[in-house]
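A lone chain, given as structure tokens: the form predicted alone.
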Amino acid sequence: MKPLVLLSPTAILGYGFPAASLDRGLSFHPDVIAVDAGSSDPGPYYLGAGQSFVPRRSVKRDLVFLLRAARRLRIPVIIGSAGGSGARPHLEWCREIILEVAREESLSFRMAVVPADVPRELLLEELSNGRVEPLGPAPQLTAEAVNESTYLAAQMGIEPLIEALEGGAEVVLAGRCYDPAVFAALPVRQGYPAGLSLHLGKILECAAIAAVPGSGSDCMIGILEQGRFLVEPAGEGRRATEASVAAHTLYEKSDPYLLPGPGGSIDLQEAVFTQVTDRRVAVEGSRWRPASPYTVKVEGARQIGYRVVSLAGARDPAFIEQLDAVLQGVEERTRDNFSHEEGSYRLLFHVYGRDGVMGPQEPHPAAGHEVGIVMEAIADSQEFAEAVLGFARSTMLHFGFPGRLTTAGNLAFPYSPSDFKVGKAYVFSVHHLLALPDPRQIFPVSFEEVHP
């Protein structure tokens, strides 16, 4: 079987890559350029609001380089989780950028567009039929959560992407994807085992993060051969090592041996990592374990109100020593001041320098000579959130406590204005598995001819 070369240019479309690394990656004569364009890591806002977490200018920059190269080499480009979260507005946003690049660069190609939106009515029907279950610690899904979610997107597997390639697509633009799928689709279509192909996709999804030193803004090369795959960073100053590739295999996994995805799991119990050059690692032994029924993860987010945030610092030892009592006192004064609207807002404090990163899970909370305090209010209107935060901020600024030496103010504010209107606030409302009778059922593939 002919070796198959895959080029992963960057961890997320828009994160960038050095031009020299891309050129070196292209010198391997790749058969496909594949790139993940999204993640749920930045939180629920972007899915809920239908916006990208990567700037348009950055995404366009990457696409100019990638589309130019792919058309010159006559190889396909596969983009998954378009626009960051992969729902309809994200997909259309990325499609418009691609069309703009095509016009400006005089490029022509056949493009497949594969949305990942889950029809609300279908999800409600399957919920009532018992074909939806929580993923991880999520609660049981309710019809209310489905109806309150602004967008619902499912992680597609390789099957819709293979259908797009079989339809002659030279650019595949897909909605929410299982991260390794964009890399595994062409290899599986050409007869390579799903286990090896998806495991390689797992390594390539974050590009050179699996190298030493790691970077999400540099290129990585994957080569599939009979019975194994090879990985090597395109950047000259990086190396793939047994440890770095094995470590990335464990990235974002709850089980060291099984990596679940649409339709089954990658079985890594017999995986072997071998250093073949100082910059290249070979992997063999990965297997695919299909599951029945075929399930996909559905993601959704709902709005919970409007958010306002204020940042402040404090370094008075007496204030820091009594900070818990101060925060409790501010909460009580705020609750009393807005007692007529109790339960209609949330007031939160995050203390950096003590436990601001892990909160109550911090095993060693300890404040140093100064702390940073993030004050946050969420309410059902922007105006009310501003009122709650403004009151809490001013109360903390002048809060009295034993040993206080000055009445000028307890806090130092790095910015004016001190309060930042974040706008709509969201939480994840759907994080569940949906059983599908057909892996392509909710992922329709359409084609369009793109010309300058």
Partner chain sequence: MKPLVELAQVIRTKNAGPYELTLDIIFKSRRIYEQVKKENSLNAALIARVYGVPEPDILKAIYFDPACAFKATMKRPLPCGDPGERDIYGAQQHAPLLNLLLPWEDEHESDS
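Positions refer to the first chain, counted from 1. Owing to the predicted nature of the structure, the values given are computational and were not obtained by experimental measurement.
Heads up, the form predicted in complex with the partner chain isn't pictured, but that's what we're talking about next.
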Spell it out for me: taking the partner chain in the predicted complex, does every residue among Pro256, Leu348 and Met358 have a heavy atom no farther than 4.5 Å from it? yes
Among the candidate stretches 243-251, 317-325, 119-127, 183-191, which one is within 4.5 Å of the partner chain in the predicted complex when only heavy atoms are counted? 243-251
Consider the chain as shown here, without its partner, and state which of Gly43, Gly409, Gly50, Gly390 has a heavy atom within 4.5 Å of the partner chain in the predicted complex. Gly43
State the residue from Ile162, Ile378, Ile97, Leu107 whose non-hydrogen atoms include one within 4.5 Å of the partner chain in the predicted complex. Ile378
Does at least one non-hydrogen atom of His364 fall within 4.5 angstroms of the partner chain in the predicted complex? yes
Does the partner chain get within 4.5 angstroms of any non-hydrogen atom of Val422 in the predicted complex? no
Arg440: heavy atom within 4.5 Å of the partner chain in the predicted complex? no
Although the partner isn't part of this model, could you tell me whether Pro290 comes within 4.5 Å of the partner chain in the predicted complex, counting any heavy atom of the residue? no
In the predicted complex, residues of 415-452 near the partner chain [heavy atom within 4.5 Å]: Tyr426, Val427, Phe428, His431
